[in-house]
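Only one chain is shown below, in structure tokens, and it's the form predicted on its own.
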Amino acid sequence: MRYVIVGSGVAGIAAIEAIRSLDDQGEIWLIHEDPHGFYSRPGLAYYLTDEIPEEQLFPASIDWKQYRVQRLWGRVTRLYPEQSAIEGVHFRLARSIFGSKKVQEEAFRLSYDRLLLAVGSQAIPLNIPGTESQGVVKIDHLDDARRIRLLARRSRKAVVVGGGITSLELVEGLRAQGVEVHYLMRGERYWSNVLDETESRIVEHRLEEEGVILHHFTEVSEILAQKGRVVGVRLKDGQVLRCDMVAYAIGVRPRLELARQASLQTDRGILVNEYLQTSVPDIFAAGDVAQVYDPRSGKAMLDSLWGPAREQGYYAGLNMAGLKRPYLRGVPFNVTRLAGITTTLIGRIGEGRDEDTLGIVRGDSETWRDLPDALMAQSGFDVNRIRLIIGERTLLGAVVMGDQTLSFPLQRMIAEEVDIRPIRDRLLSANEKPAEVLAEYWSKLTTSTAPSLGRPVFKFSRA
């Protein structure tokens, strides 16, 4: 049996682990276009702010010899589903006679028995004049982060455009490098489709304390350049804002070129069933590129979260190796940092559409914007805050900013649909503090002699 995995992100690596847990003899090929292979994409934010060195982005726990994986640095250019084969180019570094390194390309063709597409997503480009100028940056990969750090050393002022987690990573990374940052938002507040107004204002206030200059209801119409280098931006109202760099994060788009070329069924992502199979049964997809069918909701959804990508890859690997195991979407869960504030996002929490993004952003889940017909309770102030989305019988979502004491209990209660009817009225009461009510109820649940709360939140425990 030959397994071919395209993409070296967390979904692809998890698939390798799963395959090897069931098939010790099969041949595994990993084809990756990123020259650095597998590293922590979420860690790039901490690399930009100098909180971790580059070497810590690469996990030391992957034993390639143990997994017996044949790795190939290259690009797959064509799928042949009817022949169970792929074609592409293999990249090789070669030295010239003058000692410089040059990338050479060599065509290859490889057959497979099972194929996994884990090619991820890419930044949606900023579609305005001037984006080809030197000093315009995004952050898809490690090389992007390296370039940002290099440009920041000789830049004094930067403009950041976009919304969501990645735009904030760019803002904070540039500020950490000593660059003056102007953050442009088309809408009235930060990440309006996920955070409520109070949460957005907390983040914005912290940014202003860090010296970030915020511009609401502001759009860029053109990037200005001299001799090919960024010198400023022209706004839609005609004003010119001088800067040396422009960084953007307006959303990500699944990489669908291969799937469409092979006539696989696609929508916003590659459509897969609960076994992570595409419309061709021996081709699977997982991670950011996969739009996964959830039999419980009857919908196919996109996630751009590290945890679901890891889990989807693992389940895809199990199914590729012959163990029929359905992947059921869990409750969307992310722990991130917004303007230095640790923030946990769980379940269904969104407010609507974010004018600063064109689609899903990194660290985002489409489920967050599926705000149900529910009531809301809030607790705390400033940077210690809890927002609860309360259904008739269960908690449907939560945002925890600052103190994370209740983030794990909330995750368990939401994921396992714990009955909150005994405390629902108290949670909604103006005379009660929701955080204290929840802490008391959680203590009773975990110390009672009642049966277990139910299924575990995580279906596997690999790091």
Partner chain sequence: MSFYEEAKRRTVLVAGQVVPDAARCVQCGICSFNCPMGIDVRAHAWRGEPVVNSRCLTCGECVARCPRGVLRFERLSIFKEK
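Numbering follows the first chain given and starts at 1. Not measured: the values here are computed from a predicted model.
From this point on, the text means the form predicted together with its partner chain, which you will not see here.
Trainee: Since exactly one of 348, 310, 329, 387 fits, which has a heavy atom within 4.5 Å of its partner chain in the model of the complex?
Mentor: Answer to the contact question: 310.
Trainee: Decide if the three candidate residues 17, 52 and 56 all line its partner chain in the model of the complex, where lining means a heavy atom within 4.5 Å.
Mentor: Result yes, every residue of the spot touches its partner chain.
Trainee: Any chance residue 26 has a heavy atom within 4.5 Å of its partner chain in the model of the complex?
Mentor: Contact check for residue 26: no, nothing within 4.5 Å of its partner chain in the model of the complex.
Trainee: Answer for residue 418 alone: is it within 4.5 Å of its partner chain in the model of the complex, judged on heavy atom distances?
Mentor: No - in the model of the complex, heavy atoms of residue 418 and its partner chain never come within 4.5 Å of each other.
Trainee: How about residue 428 - does it come within 4.5 Å of its partner chain in the model of the complex, if we only consider non-hydrogen atoms?
Mentor: No.
Trainee: Would residue 37 sit within 4.5 Å of its partner chain in the model of the complex, counting heavy atoms only?
Mentor: Because no heavy atom of residue 37 falls inside 4.5 Å of its partner chain in the model of the complex, the answer is no.
Trainee: Just one of 152 to 160, 300 to 308, 279 to 287, 101 to 109 has heavy atoms within 4.5 Å of its partner chain in the model of the complex; which?
Mentor: Residues of 300 to 308 come within 4.5 Å of the partner.
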